[in-house]
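One chain comes next, on its own, written out as structure tokens in the form predicted on its own.
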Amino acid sequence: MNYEEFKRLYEVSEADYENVRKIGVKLAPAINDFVERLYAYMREALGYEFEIHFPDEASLARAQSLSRRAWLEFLEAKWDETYIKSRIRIGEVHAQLQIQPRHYLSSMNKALDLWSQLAYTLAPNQKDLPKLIESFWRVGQMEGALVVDIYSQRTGEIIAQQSRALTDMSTPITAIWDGILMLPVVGIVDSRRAQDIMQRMLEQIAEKRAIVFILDISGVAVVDTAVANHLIRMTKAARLMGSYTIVSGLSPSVAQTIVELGIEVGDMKTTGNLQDALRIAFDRAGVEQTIGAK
């Protein structure tokens, strides 16, 4: 992330930092009063959400302590690497706790308003007070944008991790024998899911050194031209990895649909049921089949 970009976007200069430090000296002694007022606002404004984030006095006290330290750092206006890292951490914590950006930004806005009120109370004779407060707001808004940007990035990463976990769950590839893998596909196969299946399929083929891969589509809701083409691409990709692929679970209606649509399946090996696919797989893997032998 380019932090200089934030300075440009919010037109923050070194003079603004100096102004924050200048008024910060006057405001720092009022930090406890400020934190009490801020959290009183948050309790009233957030309502039930406040109770979720701060369910007991211990968690509330811990949050207030962290807030007190963060605002004292802000009043020092030292936008160095250590300070930026602390703001990144704030964004990460908000993402982990799933605190909504609108709640954070409303609290940030209230905080800047409270500091402005305190400034007029604590430094009423400061001749350049309006200019100092203007800098205070400019830097505060920039910090709010920085924290929300980090929040957005981390939330995106969390969603991506969850998506990958769901993909793994929806593509349960099982090693049914040494060198033989099977994946039962259930539901709808669209382009995105087909790509995820292919990626997982090739990764497992390489990792397990599979010589046969069974794709069972008996649970696929609809087999049309798109699905058939996805299956063909999967079998071709697996073949390039040195694995023989069998598509099992083709019902009579699915077979008829494929013929009516004029889909060319090429060299794709298909079977009507999983049992036949297993027989072929064991034969190619050189596994002696004794099931049902007399």
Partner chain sequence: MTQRWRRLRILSQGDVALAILEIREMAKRVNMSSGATAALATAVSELVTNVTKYADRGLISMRPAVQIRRPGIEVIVEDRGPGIPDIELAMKENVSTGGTLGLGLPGTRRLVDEFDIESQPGQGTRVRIIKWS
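Because the structure is predicted, anything quoted here is derived from the model rather than measured. The term rigid core refers to the most C-alpha atoms you can superpose between the two forms while keeping them within 1.5 Å. Numbering follows the first chain given and starts at 1.
There is also a form predicted together with the partner chain; it is not shown, and the following applies to it.
> Would you say all of Ile188, Ser191 and Val223 touch the partner chain in the model of the complex, counting a heavy atom within 4.5 Å as a touch?
Replying inline: The answer is yes: all three residues contact the partner (heavy atom, 4.5 Å cut-off).
>> Give me the residue from Ala40, Leu261, Ala61, Leu240 that has a heavy atom within 4.5 Å of the partner chain in the model of the complex.
In response: Looking at Ala40, Leu261, Ala61, Leu240 one by one, just Leu261 meets the 4.5 Å heavy-atom criterion.
> Taking the shortest heavy atom distance, is Ser67 within 4.5 Å of the partner chain in the model of the complex?
Replying inline: Heavy-atom contact with the partner chain at 4.5 Å: absent for Ser67.
> Taking the shortest heavy atom distance, is Ser248 within 4.5 Å of the partner chain in the model of the complex?
Replying inline: So Ser248 does not count as contacting the partner chain.
>> Check Asn32 for me: does it contact the partner chain in the model of the complex (non-hydrogen atoms, 4.5 angstroms)?
In response: Outside the cut-off, so no.
>> Given a 4.5 Å cut-off on heavy atoms, tell me which of 23-31, 44-52, 240-248, 253-261 is the interface stretch with the partner chain in the model of the complex.
In response: Contact-bearing stretch, as computed: 253-261.
> Taking the rigid core as reference, does the Cα of Pro124 move 2 Å or more between the shown form and the other one?
Replying inline: Stays below the 2 Å threshold, so no.
> 2 Å or more on the CA of Leu97 between the shown form and the other one, with the rigid core superposed, yes or no?
Replying inline: For Leu97, whose C-alpha is compared between the shown form and the other one after core superposition, the shift is less than 2 Å.
>> If the two forms are fitted on the core, does Ser86 show a Cα displacement reaching 2 angstroms between the shown form and the other one?
In response: No, because once the rigid core is superposed, the C-alpha of Ser86 moves less than 2 Å between the shown form and the other one.
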